[in-house]
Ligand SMILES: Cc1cc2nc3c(=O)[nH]c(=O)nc-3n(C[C@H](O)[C@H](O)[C@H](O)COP(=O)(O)OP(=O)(O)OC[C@H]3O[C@@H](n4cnc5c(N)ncnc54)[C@H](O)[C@@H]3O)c2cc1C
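One chain is shown next in structure tokens, namely the form predicted on its own.
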């Protein structure tokens, strides 16, 4: 696992598989192929295990849960628990998160050791097809040649090149999760998944929060009832939304004072705060790694060009996860690993027609798998629909978490489930129950007539599927 002494430049070290980047898809592919008897090395600059366990998915959900505890303490009287005003210690919040990350890194190191995968620290770039030069922190160089290559370099937060933006030194999610004090007033540029999750968390820790987004509504690609629910959630949390607005200039410095010039059509306005978080999209980490020398082409947006087998334009070179333009979810990158693993081992597995479940970890959550109404209408798919409030799942009443709704689409001419949308407590877990039914090809009546434990959240699927209109009716 430890990097051996520097090799003489020009002498190649040969591997069956080289993985550039330690992201979700790459690391699992490496461990799996190494356990299958191949000589495998993973090249990583900084984060053992990639972004998910270190700076993204899991750390953010850790901090979000701390914010949930703060919210519950603030609602103590509602539950008959008389508590004084809670005091937020962000250094303790950060330490809890760091402790979790340390444990995850140790777990990853153990997987490298037990699988026989070599972990090489340094910056890697192609110098010719199938040859990667690795430069370590001390300047030593190794030249590695792989029979097969997997690129798993991920993505990074996009910081728009606006006047004054660089000088403002804005936060990305990485720096926000390392704060040891609560921002007085956090301005969030972008109302997507990252922006919404962290905006709510910071608000619950006591920060004033404002979200600025260029779209006319939150989650503009989702159904309007979802957008309305998310916008009402922000209103109830005390988070102002500045929609249909574009930032054209930034003044000041995040952490002290920032002022943003915002335009909405012909109207110009100013938004001010103490901290600025940029959460307006991501860029693939594909520049500066010699892809042109490897014969690997990229798309107009900078993603590595791949086919349905995740093969690049270069023979025996694969790409997985964000850098390959796959939907930016860890669970999708994990499925990318399975596709590449099977194809390297002689199979034929593709990305075509795979499910795309997702969950927004606000409180409550928003989760969906399968078709939304918007997508069904766009694709001309006739459907039957049922919608029930979250309160129909009686468990929500015991939790005092009745906000939200469940909505399901069923085919107009059969009992096939087309998709489910849930905005409510435990949305991700409720969605997963229906996802399994879709994977199994079960008619909706199986869930309607199932015996679920009372009182649990999946029990709410019974009134939901009971409300499906009769066969033959459609929208």
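Predicted model, so just to flag it, every value in this text is computed and none were measured. Residue numbers count along the first chain shown, from 1.
Another form exists, predicted together with the named molecule; not displayed. Remarks below refer to it.
- Listed residues 245, 330, 396, 210 were compared with the named molecule in the model of the complex; 330 is the one with a heavy atom within 4.5 Å.
- Between the options 450, 57, 36, 433, the residue in contact with the named molecule in the model of the complex by a heavy atom within 4.5 angstroms is 57.
- Residues with any non-hydrogen atom within 4.5 angstroms of the named molecule in the model of the complex fall in just one of 87-95, 101-109, 251-259, 315-323: 315-323.
- In the model of the complex, the named molecule lies within 4.5 Å of some heavy atom of residue 47.
- Mapping the unseen interface onto this chain, residue 282 counts among the residues with a heavy atom inside 4.5 Å of the named molecule in the model of the complex.
- In the model of the complex, residue 390 stays away from the named molecule, with no heavy atom inside 4.5 Å.
- Not displayed here, the named molecule is kept clear of residue 189 by more than 4.5 Å at the level of heavy atoms in the model of the complex.
- Annotation for 255-281: no interface residues with the named molecule in the model of the complex [heavy atom within 4.5 Å].
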